[in-house]
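To begin, one chain is listed below as structure tokens, in the form predicted alone.
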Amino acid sequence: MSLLEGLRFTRGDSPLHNMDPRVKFLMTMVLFTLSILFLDLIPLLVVFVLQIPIVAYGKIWREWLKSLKGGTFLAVIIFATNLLSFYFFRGMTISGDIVEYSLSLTLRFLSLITSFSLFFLTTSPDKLSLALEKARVPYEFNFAFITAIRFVPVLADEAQTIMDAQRSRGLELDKGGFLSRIRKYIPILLPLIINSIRRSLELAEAMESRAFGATKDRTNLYELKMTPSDYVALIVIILAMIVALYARFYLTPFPKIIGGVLFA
């Protein structure tokens, strides 16, 4: 469940926390686009490394490392699956190109985790809701999206609580074969689904009691305002995107780090 820690907002007073959510969202989209745009190991490594100073800028080292720890298992699966598939379908040989391609896909996954963690760890749901309203997103969709973000960490905590309770009753989740482990998770999923349905009904009743949607003229306690530092960050993000697009279409192909046949 530590992967979901990347969606949990943590309060802080860093410059990244105070940045306008619209600028942060653009930064996240640029990092996401760069991670998808490149398939070579060197540019993906550059994208991943460039995100580390931003993590330090936002003072979210612990939460970021938790999200990476949660994604390690999936990263290993991505690397092993690609390596084995190329091994069996390309003449039973493992070359440096295959290893580098598998590493690239794994690093892309970690870069995507980091890019979204930078946004969700430092952006409160309230500010995100204001940003969506400024973008003319209908409030019904806005409310549904923000509610889902708020409940993801809650469901993660509840799932962990249920797992601990089942372990205290003798349920061994880490033993047995693959199918056996899947069956052992049924006593965890059932109460989690039931509690989620119960929580959604309580939320619907609370919304009805407060006359949700009765008026279209909504007001907010706070308003988003761009600061000079936000404009500077916006310019840097746009320039970084232009440089990356130039590198992608005019500087390819990038040199390989690993070469030759490693195993045959």
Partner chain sequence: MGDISVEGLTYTYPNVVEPALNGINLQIKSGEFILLTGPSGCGKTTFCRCLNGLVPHFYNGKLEGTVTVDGLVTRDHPTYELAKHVGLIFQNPDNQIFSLTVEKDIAFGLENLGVARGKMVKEIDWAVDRVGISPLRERGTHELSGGQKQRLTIASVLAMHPGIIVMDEPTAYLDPVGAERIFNILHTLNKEQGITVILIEHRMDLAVKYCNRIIVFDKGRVVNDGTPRAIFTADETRLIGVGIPRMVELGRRLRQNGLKIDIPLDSNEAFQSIATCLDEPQPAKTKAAFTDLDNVVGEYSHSPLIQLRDITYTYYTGVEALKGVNLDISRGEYVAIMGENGAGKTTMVKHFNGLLRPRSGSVVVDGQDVAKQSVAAMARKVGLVFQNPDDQLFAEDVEEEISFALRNFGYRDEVIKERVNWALNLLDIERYKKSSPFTLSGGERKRVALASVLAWDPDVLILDEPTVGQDYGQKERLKHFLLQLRTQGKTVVIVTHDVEFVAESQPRIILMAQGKIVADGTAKSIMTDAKNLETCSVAPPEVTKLFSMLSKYGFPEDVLDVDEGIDLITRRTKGRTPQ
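Just so we're on the same page, rigid core means the largest C-alpha set that superposes within 1.5 Å between forms. Remember, it's a predicted structure, so these values are computed and weren't measured experimentally. Residue numbers count along the first chain shown, from 1.
Below, we refer to the form predicted in complex with its partner chain, which is not included among the displayed structures.
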Location of its partner chain contact in the predicted bound form, chosen stretch of 216-224, 233-241, 54-62, 34-42 [non-hydrogen atom, 4.5 Å]: 216-224
In the predicted bound form, the one of Thr93, Ser85, Gln166, Thr72 near its partner chain [non-hydrogen atom within 4.5 angstroms]: Gln166
Of Ala135, Leu190, Val76, Leu179, the one that lies within 4.5 Å of its partner chain in the predicted bound form (heavy atoms): Leu190
Touches its partner chain in the predicted bound form: Asn195 (any heavy atom, 4.5 Å): yes
Asp97 within 4.5 Å of its partner chain in the predicted bound form, heavy atoms: no
Proximity of Glu140 to its partner chain in the predicted bound form, heavy atoms at 4.5 Å: no
Contact label in the predicted bound form: Val49 to its partner chain, heavy atom within 4.5 Å: no
Heavy atom contacts to its partner chain in the predicted bound form at 4.5 Å, residues of 190-215 in sequence order: Leu190, Pro191, Ile194, Asn195, Arg198, Arg199, Leu201, Glu202, Leu203, Ala204, Glu205, Ala206, Met207, Glu208, Ser209, Arg210, Ala211, Phe212, Gly213, Ala214, Thr215
Threshold 2 Å Cα movement between this form and the one not shown at Ile235, rigid core reference: no
C-alpha of Glu158 moved at least 2 Å between this form and the one not shown on rigid core: yes
